[in-house]
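Taken one at a time, structure 1 and structure 2 that follow are two forms of one protein chain, written as structure tokens.
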Structure 1
């Protein structure tokens, strides 16, 4: 017998090549050993529910989706950047603020000054906001330390969040986020430190699931990123890339060259870059929160991603500067309103494609037999409501690894 059987459910399985949303209107879902053991129409159950499971749970006609995946966040940091928000409204650009010592570097100072307990407490509050909206998997980056000690500190906190809450945390080492003030503008010298000091320290404690970098004029050149990615390859870690956010330096193609799990932002990506991503199987992570906050006007090449069949994931990009957002439901609406994604594409972006962007396509992202039993229950009449409404959280319950956590 299964441990649990959920009945009277409307399932948005998010499996491709089925009905919209992979929907099963009168569905049932069996759970055994933390995994999905059966999923399908209730009429197809092989026996009466009570004969199939130790515990039969009535979903009350609610929709069940896979647990949501936030595949790009910077949740661990000290301080905030509300003053920069004011400066942007007064006309300063993101690049101008960064060049004047603001931006990432200002958060670095606050993060270096905070101890692990303070970072755990503040990041935990942000993570809790996401969990209330059905998130069961989240990626957390370092990148606000920019020295060996603080990068390790940030990733320790990220791992601790995964132990203290009912969520799967994947970590990315982002030492190549910006050059710190003490580098004196010597970006090549700082990359030497990333490769020779920071990454070995992170690897020694087993703190990273992937390596990330920021390829941009205000950050690092393609050649500098290649050095980081070569070191990641030697360490047998997959890579991800902040690419083509403010200009086209060929970041998407660079990510594809290294078989990156994802390339993220991508507002300035060329069609050649999109084609390279398609060939490499690299997921496009679209971040409407940063686009909105920075008041950008250059749209990512959504039609090209569709034409080349590049999977599009969505994420909060939760960070203190360019996307101070801890609502994945808001991101769904932004993606539809700003980028013209369909509600189904948006939901796929925070389930099936979000999981793929973390290398977790076999574990999470759809309701399929054998996958981890991570799912959310919603008080909605149709899945499109998750992207349609603003300031509203219809999440009625969360199951992670077969355990009801909300």
Structure 2
């Protein structure tokens, strides 16, 4: 007997090569030991529901999707940048703000000054916004500490968020996000510190599931990123990369060369970069929130991703500077409106492909037997509504590891 059997559900399984959305009208979903034990049309159930499970639950004809995956966030940080938003609207440039001590450096100062309890509280509020919309897996990066102590502090808070809430947290160590002011412009010297001090401290406490870096003119060169990736490889951690966001430094191809789980942003990625990602199986993480906030005009090469069959994931990039957004449903809409993704591609981006971007393709992201029983129930008539409407949350329930958590 299964623990649970959900009936009277319309399933968007998001399994590829079936119907649109992998949909099963009048579906049923069995749960055992926190995992999906059966999924299919109700008519194919081997017996009467009450004979199959201890608990039969009626989904009331609602749609059920896999639990949403936000595979790229900077949720843990001190302070905010609302004043900077005002200054930009008054005409100040990003560079002028940075020179006046604003920008990423101001978030680093606020994050260093905050204790773990304060960071847990502020990041928890942001995380709760995501969870209300059906998120069951979230990635959280460090990268606003830029010293060993604060990078460790951020990742401890990320881990603590996973213990305090019904969500699976994957962490990425992003010491190579920017050079801190005390580096005095010596980025190579700072990378020495990332590799020699920060990463070992993070490893000692088992705080990182992956290593990320920002490859950009205003951040780190491809050669500097290579040094970080070589250290990650030695530590047996998978890598990800903030690549080609503001210019094409060949970040996508660099990520692919290291077999990265994902390359993220990618507005300026060339076709050769896309082809390299396809070859390596690297997921493209598209971040329309940053594109929108920065009023970027260069579109990521969506057609090339399609042509080369590079899986596209979508994420919030939740951060105080370039994407102060904690709604994955809003991101679905932005991806469709700004990047012309189909609603089905968008939903795959926050389920199946988001899981793949975290190395969790076998564990999450679709409704398939053997995966974790992480799913969300929605008061909608068709899945496209998730991307279509703005400012509207139809999430009617969340199940994580077989437990009803919302």
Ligand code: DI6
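Residue numbers count along the first chain shown, from 1. Whichever C-alpha set is largest while still superposing within 1.5 Å between the two forms counts as the rigid core. If you're wondering where the values come from, they're calculated on a predicted model, not measured in any experiment.
Undergrad: Do you think the form predicted on its own is shown as structure 1, or as structure 2?
TA: The form predicted on its own is shown as structure 1.
Undergrad: Does superposing the core leave residue 87 with a CA shift of 2 Å or more between structures 1 and 2?
TA: Comparing forms between structures 1 and 2, the residue 87 CA shifts at least 2 Å.
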